[in-house]
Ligand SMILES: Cc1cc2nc3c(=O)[nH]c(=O)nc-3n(C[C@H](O)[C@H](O)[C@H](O)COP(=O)(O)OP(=O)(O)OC[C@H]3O[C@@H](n4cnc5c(N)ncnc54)[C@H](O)[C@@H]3O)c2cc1C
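Just one chain follows, in the form predicted on its own, and it is written as C-alpha cells.
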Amino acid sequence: MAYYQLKVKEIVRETSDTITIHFAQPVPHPIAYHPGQFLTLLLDIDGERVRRSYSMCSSPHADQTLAVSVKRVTGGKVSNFLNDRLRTGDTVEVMEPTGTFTPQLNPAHQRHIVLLGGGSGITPLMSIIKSVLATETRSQVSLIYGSRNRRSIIFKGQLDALQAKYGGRFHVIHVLSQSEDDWEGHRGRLNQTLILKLLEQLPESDQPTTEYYVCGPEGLMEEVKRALSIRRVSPERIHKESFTAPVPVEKPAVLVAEAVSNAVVTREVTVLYEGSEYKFTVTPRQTILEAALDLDIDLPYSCQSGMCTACMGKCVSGRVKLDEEDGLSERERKEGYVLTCVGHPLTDNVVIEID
C-alpha cells in the first residue's frame, strides 16, 4: 500500500456543511485511480493519529486534481477538523486510492447507467457520472438524487452544468424530503414506491445493458433493493456503496460457528505484507487487524467496519470467519479474499497475503 503527501490546492464550499478538498496531483507521476474509488486521509488531530476514508468526486478522465467531499458530522472529529481547520496549502498524508465501486468503462459501450443516491452519497456517483459521460460517448447517464432541501443539494451547480453540456445524454431527477414551498420538483423520501415511479420516467431504464449504482444510507439502499427486485433487475447489474457502517455487535468471550471445530478461540495467524512475515496471536475478542495493531504491526486499514476493503488480503491457507461480508464481491469471496478488520481465524494454519 503506497502513501503520498498531497498539497491542498483548493477548498470549495459546496453547502453550509460540506466542502470539497482538491489535492494537487504529484509531479511528474500523478496518482492513478478509478472513478468511484476513495482516498484514506491520515491526520494528526490534537495529538491523536486518525484516518478516515472519503470517496473521490473527481474523475480521472475529466479533472486535473484529486478531490474528496467531506460533510460535517455532528461530533465527528475528522469531518469537523477538515471543515474548520484545513487550509489551502496544507499537506495531508493519504493512502493510495482503493475501492471496488467502479464501472468498467469502454468507449465502445452503448448503455444506460442509472445512479441513485442520497445526501453525501452523491460523492462517488459524481466521479462515475463525469467519467462515463467523458469516455462512453454513446451511453446515457441518469441520476436520481435525494436531498433535504434546495440548499443542501451537493454539486447542484456542477450537475446543472453537466446537463447543459451533455444535452440528452445526462438526466437528473432531484427529490427533496423537506422542500421549500416554491419547489416544483419531486417531494418526499426516496422509498420503494417513489423510486419505482421515477424509474419509469427514465429512458430505457429496464434494458438488459442498464447498470445501477447506488450509494447512500442503509435505509435508501434497502428501498432501492426492493424497487429493483420488483423490476426483476439481476443482482449482477446492481452495484452499491454504503456510507453507513454496520452496527457493531459486542463480541462474547467465545464465538461458535456451525460446529465445535469452528469455534473462534485464541489462534496464531501469519500475515505476509510488504515482504515481511508477521506471526501473532488473535484472541476471541479481537479481529485479526486489532491484534496486529495492538502489536504495532502497521497493516493497511481505514473504516474498520468491513465496508471499504482497504484491509483486504487473500487467505492462502486455513479459514477465516468474517463478521461482515458486504464489502467483498462474490468473486472475491470465492477467490479467498478476506477483510482483516472483521476477520477471525477459524483454524490454526491461517496465512493471509496482503498486497
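Quantities reported herein were computed from a predicted structural model and do not represent experimental measurements. Sequential numbering from 1, following the sequence displayed.
The same protein also exists as the form predicted in complex with the named molecule; that form is not shown, yet it is the one meant from here on.
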Study note, to complete from the structure: Note: the named molecule not shown here; in the predicted complex, the stretch from 167-175, 75-83, 193-201, 104-112 having heavy atoms within 4.5 Å of it is 75-83
Review point. Can any non-hydrogen atom of K130 be found within 4.5 angstroms of the named molecule in the predicted complex?
Key: no
**Study point:** Non-hydrogen atom contact V320 with the named molecule in the predicted complex at 4.5 angstroms
**Key:** no
Check your understanding: Using heavy atoms and a 4.5 Å limit, would one call E223 a contact residue for the named molecule in the predicted complex?
Key -> no
Point to revise | in the predicted complex, T270 touching the named molecule (heavy atom, 4.5 Å) | key: no
Revision key, fill the gap. From C303, C315, I31, L293: within 4.5 Å of the named molecule in the predicted complex by heavy atoms is C303
Check your understanding: Since exactly one of T283, T210, S179, S242 fits, which has a heavy atom within 4.5 Å of the named molecule in the predicted complex?
Key -> S242
Check your understanding: So which residues in 34-69, when you check the named molecule in the predicted complex, have a heavy atom no farther than 4.5 Å from it?
Key -> F38, R52, S53, Y54, S55, S69
